[in-house]
Ligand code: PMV
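Heads up, the chain below is alone and in the form predicted on its own; it's given as structure tokens.
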Amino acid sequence: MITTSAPGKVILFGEHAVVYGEPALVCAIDKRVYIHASKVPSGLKIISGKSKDFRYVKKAVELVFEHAGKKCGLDIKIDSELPPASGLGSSAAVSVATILAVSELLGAKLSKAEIAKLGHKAELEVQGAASPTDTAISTFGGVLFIQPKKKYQRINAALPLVVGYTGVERSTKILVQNVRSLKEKFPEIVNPIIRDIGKITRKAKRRLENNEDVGELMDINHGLLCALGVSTEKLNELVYAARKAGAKGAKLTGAGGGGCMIACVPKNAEKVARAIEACGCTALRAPISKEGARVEKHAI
């Protein structure tokens, strides 16, 4: 049997603007998906306590079999610290951890780059469209500065975060379409907002590299995302509650429409978490995970 894991993620800066060629800053968080896999004589059995959507596991297994040129029967159990459809990259983490587990069982040693590539292919084939961002950060960990059509750049940054989960599932596809429609209707207004989010992301990168505060930039970025119509009353409530409780900055993370927000908490982490919980939502203490996909245990 083998146990592998891969981290979830949050987008620090740049969501939605990255669709239009602007950069994004994304980081792995210390909340993981664990895959426990064993060889069996035949078949594929999958067990999960949180989700019955096994499309990502099945596709990941299929792609590893194809890549390795061999197959085996598998029993797979999924344990996740990430809520599904929350914007925290749970499907990417499942795909990446499954690919690592199955490749190890088959003796097909894959590089991190190969794991990320297969993970992206799994998401792409299941969803029909997918950015390589989530599977890259889940594979490599840490903080990545991502520019479309360019190589990822690793940023050495420590950023203490609390994540607030609204409990509201949302569709990234629909939210991206909504922003696109708004952009087409009011290009002279929306295009500058998109460009400004890109400017904020670049400035945040420089500040993180110099170990400087990015809280105010998070606040500005959230305001621009509100202008794009992707925030919600509950997300705003959590953002303002976190700031009032002492967060240096707070914003929604991901597509919006529900899902999660993040708060930068060099101090007052517990107070900020309690403020989020007082709003009837879940608070996750989620420091950056410098380590990406990994083997937790390997027993013959």
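Heads up: residue numbers just count along the shown sequence, starting at 1. Not measured: the values here are computed from a predicted model.
The following text describes the form predicted together with the ligand, which does not appear among the structures shown.
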Task: in the predicted complex, the one of N178, T172, S103, S80 near the ligand [non-hydrogen atom within 4.5 angstroms] - done: T172
Task: Contact residue in the predicted complex, chosen from I288, L284, C281, V18 - any heavy atom within 4.5 Å of the ligand - done: V18
- [ ] Using a 4.5 Å heavy atom cut-off, state whether G119 contacts the ligand in the predicted complex.
- [x] no
Task: I11: touches the ligand in the predicted complex, heavy atom cutoff 4.5 angstroms - done: yes
Task: is_contact(I46, the ligand) in the predicted complex, heavy atom dist at most 4.5 Å - done: no
Open item on the list: Within 4.5 Å, heavy atoms only: does L63 come near the ligand in the predicted complex?
Closed with: no
Task: One stretch from 234-242, 36-44, 55-63, 248-256 that, in the predicted complex, holds residues within 4.5 Å of the ligand by heavy atom - done: 248-256
- [ ] Using the arrangement in the predicted complex, list in sequence order the residues of 87-109 with any heavy atom within 4.5 angstroms of the ligand.
- [x] G87
